[in-house]
Each structure stands twice: as structure tokens, then as C-alpha cells.
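Only one chain is given next, in C-alpha cells, and it is the form predicted alone.
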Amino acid sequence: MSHGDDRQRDLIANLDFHVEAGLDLFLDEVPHDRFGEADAPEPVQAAPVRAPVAPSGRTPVVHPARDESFRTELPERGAPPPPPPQTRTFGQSAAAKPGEAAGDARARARDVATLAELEALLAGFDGCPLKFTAKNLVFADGNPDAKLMFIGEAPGADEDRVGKPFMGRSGKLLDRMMAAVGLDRTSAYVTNIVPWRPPGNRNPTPQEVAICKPFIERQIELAAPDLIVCLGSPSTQAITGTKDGILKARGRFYPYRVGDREIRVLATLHPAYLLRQPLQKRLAWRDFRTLRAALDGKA
């Protein structure tokens, strides 16, 4: 193997390491408007300015204050300021605002009749900018006919790569938590309120959640579970409408109306939070015991 092949292999391994670590973009010391750069017209190459030549053959020194080429045209007094430069959000037209995208999502979600149609709709939906920074749509996993539904926040790097929710360390912990009360993914349906990974595993913004909310609401209607478990504060707040933090909301049941049905929603801690705060697993264990009792008709 040549030295060039070794160097190429090392570079690819280095890139793979950073992708596994969740790095999906590079930062410069100077901010750049990449969206504006993409839409900006090609710069016009100005003709080179030649310095005047004195009769003696020597190039004279021109003072900036006396040279007309240094003069800047100022707006007249009382004239309106120039309009700001137009920018666009990646993946959206200039007129597509979050409210309009959420309205479009709601109108489209109403027309689908099955979960497969909803997944296909999301695959072709361009109203959420997260779609253009994610690798894959992360729709759902588990049994769509189950009476229990888990709803998390958003995919991470592992989920984005595989295309299914809760595939990384958080997913393994969730599987162990489910197994502790006699459950697995054949007896539950697992999804997120946002189906695309936010860059750098950041939290989805309120605008991104609002755009995707009609889809998770329709997903609940089509799956028709008897019990929902919201994992973490963003999921709990989006589904139940509560403003309480997860430590206050956890362990409690909330009503969720779907037509003439009322589904019980149990709030609990997200597995990713438990990985950072292992001592809080005792609280999650209490919540899962409450879940088991509810499934058995005892709570």
C-alpha cells in the first residue's frame, strides 16, 4: 500500500470519528451567511484602475481626499433608508414562515389515512428546515398496533444514521427500562415529536416543534393507543400543553383528547437525562411501576 493510500485511509477514519462523535459542521472564526452567499449574484469583475502617468513619466501620488474615485455617494437628507438584503431559510421559500409551514403541515396531515401514508408524507415534506440537515427521516419503531406509545423529543446521531428512534445509548437504556416491567418493542410503539435530527443534537426550537406537531398529533390518532408515555420535558409539554418542568410533571397522568376518546398520558424522565443523572433513575423506576399498574388496570 502506498503512502498516499495510507493518508487517505487516515483522513477517512478521522472523519468517521468526528461523525460518530456528533460533529456535523465546522465553525470559522468569522460568521458567514451561507444562505445569502448561495443566493448572491456572481460578483462583477471591475476593470483594473490604472494610475495616471505624469508628463515626466513618473507616477504621481494621489491623496484619497482629492481623488474622485474615493468619494462615497450619501443618501439625500430625508430619503428613506435602503431596504435590508433579502435572506431565505434553507429549504423554504422566502414567503414560507413557521406559522404558514405549520398550517400546511396540518392541512396535509388531515388527508392521510394510514401510518404508512403519514411516513410517506413526511418523507416529501419540505416545510421544516431540519429535514435538510438530517441524513434520514426517523419516523417510528416497534408495534404500531400496540396499545402503549412512547414519545420522545428528537433523534440523535445514532437514530439519524439508522433511521429509527432510540437506537443509541438512550435507546438501550429505554429497552432495559421497558424490560424491567415486562415490555419490549413488540408491545410498544416508539416515536418522537420531531422526526429529524437537529444539528449537533441541540434541542428543537419552538418553531420546529410547532411545524412538526400536526404530524405527531395525526400519528397518535392513527396509532390509537390506550396509553402514552412522554419521555422528557419537550415531549410532555408538546403533547399535554403543561408548562411544568419534567421533575414536577413526571409521575402524573394527563388527559389527551382524540375525537370522542380520551387517552391517558404519563410523563417521565428521558433516558438521555438519566444517563447524565444516574441518581434520578429511582424516580423513573417509580414512574415505570405506575405504568405497569396502569397497563394492568390498577392505576
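Source: prediction; values computed, not measured. For every residue, the number given is its place in the sequence shown, counted from 1.
Keep in mind the form predicted together with ligand URA is missing from the figure; the text below concerns it.
ask   = Should residue 156 be classed as touching ligand URA in the predicted bound form when contacts are defined as heavy atoms within 4.5 Å?
value = Result yes; residue 156 sits at the interface with ligand URA in the predicted bound form.
Distance check, residue 250 to ligand URA in the predicted bound form, heavy atom within 4.5 Å = Close contact is absent here: in the predicted bound form, residue 250 is far from ligand URA, nothing within 4.5 Å, heavy atoms only.
key: Interface membership of residue 196, ligand URA in the predicted bound form, 4.5 Å heavy atom rule   = Output for residue 196 is no: heavy atoms all beyond 4.5 Å of ligand URA.
query = Quick one: does residue 215 come within 4.5 Å of ligand URA in the predicted bound form, counting heavy atoms only?
reply = Flag for residue 215 set to no.
Which of 125 to 133, 156 to 164, 142 to 150, 109 to 117 sits within 4.5 Å of ligand URA in the predicted bound form, heavy atom basis = Result of the contact check: 156 to 164.
message = Heavy atom within 4.5 Å of ligand URA in the predicted bound form: which residues of 176 to 193 meet that condition, in order?
response = Residue within 4.5 Å: 192, and no other.
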